[in-house]
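What follows is one chain in structure tokens, specifically the form predicted on its own.
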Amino acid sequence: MKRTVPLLITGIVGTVLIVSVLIPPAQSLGEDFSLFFDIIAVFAFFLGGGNLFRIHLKKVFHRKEDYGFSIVTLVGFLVTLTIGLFKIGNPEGISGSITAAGSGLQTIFVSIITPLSSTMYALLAFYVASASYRAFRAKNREATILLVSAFVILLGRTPLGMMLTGWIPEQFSIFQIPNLAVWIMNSANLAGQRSILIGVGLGVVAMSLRLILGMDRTYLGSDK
């Protein structure tokens, strides 16, 4: 019974959401089910926050390796949660928007999260460059095509690309590096992206049908 009820709920909800899209009169029913999903998602936030607090508090209590990072995580979590819940520093008061200009939460986002995100992306640039060097080495034909395409796109984003190929006549302008880079991005790359998206869509449909029909029960956990 513990497994039958979740399977029934999953099958019914999935079927209703599909029918609500295909049959207009059932659209309101699909919207109601989506609202129920939002309500359930609220409890997921509580569970997620509680789990984060429990894991890091346990790590600090047992003085495990790098528990100092857990202390920073807990302090940041509690401070941000307190400021957000009680809207501390909000010029519009307790009824104002949590993202109002000058509010405590907005100040945390602008003064701490934004600089940290910029720092992280700046550091990632070196890892991306290193990974690109290892991946783009011309070991075979496919890697050579990838290397040449990447080089053309990178060069086409700089003034040097136009300087090197600006002498090419207008009727053959497609061979100018900036135009060639645009063609690669808008034609070859876009075709590949759409193929991947189609494959992902088919995979989502297949997985959804397996869940609705009860063929895939991994979300229920182990049978033991």
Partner chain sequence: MRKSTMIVTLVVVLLFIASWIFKTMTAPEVDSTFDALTQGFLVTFAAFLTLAIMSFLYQDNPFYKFAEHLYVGVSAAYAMTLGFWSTLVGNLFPRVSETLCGWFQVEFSGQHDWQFLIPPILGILLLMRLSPKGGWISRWALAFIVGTTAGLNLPRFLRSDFIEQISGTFLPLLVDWEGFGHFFSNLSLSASGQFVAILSNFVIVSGVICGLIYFFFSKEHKGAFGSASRYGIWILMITFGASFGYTVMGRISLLVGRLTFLMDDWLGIISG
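In this text the structure is predicted, and so the values were computed from the model without any measurement. Definition used throughout: the rigid core is the maximal C-alpha set that superposes within 1.5 Å between two forms. Residue numbers count along the first chain shown, from 1.
Keep in mind the form predicted together with the partner chain is missing from the figure; the text below concerns it.
> Report whether the minimum heavy atom distance between N189 and the partner chain in the predicted complex is within 4.5 Å.
Flag for N189 set to yes.
> Would you check, heavy atoms only and a 4.5 Å threshold, whether F61 touches the partner chain in the predicted complex?
Contact check for F61: no, nothing within 4.5 Å of the partner chain in the predicted complex.
> Quick one: does G50 come within 4.5 Å of the partner chain in the predicted complex, counting heavy atoms only?
Yes, contact at 4.5 Å.
> Test of understanding: in the predicted complex, would W167 fall inside 4.5 Å of the partner chain by heavy atoms?
W167 lies outside the contact set for the partner chain.
> Heavy atoms within 4.5 Å of the partner chain in the predicted complex is the criterion; list the residues of 65-80 that meet it.
Result: D66, F69, S70, V72, T73, G76, F77, T80.
> Please check if F69 moves between this form and the one not shown, taking a CA shift of 2 Å or more relative to the superposed core as movement.
Where the cores coincide, F69 still shows a C-alpha shift between this form and the one not shown that is 2 Å or more.
> Superpose on the rigid core, then tell me if the C-alpha of P159 is displaced by 2 angstroms or more between this form and the one not shown.
Moves: yes, 2 Å or greater.
> Taking the rigid core as reference, does the Cα of F175 move 2 Å or more between this form and the one not shown?
After core superposition, the C-alpha of F175 moves less than 2 Å between this form and the one not shown.
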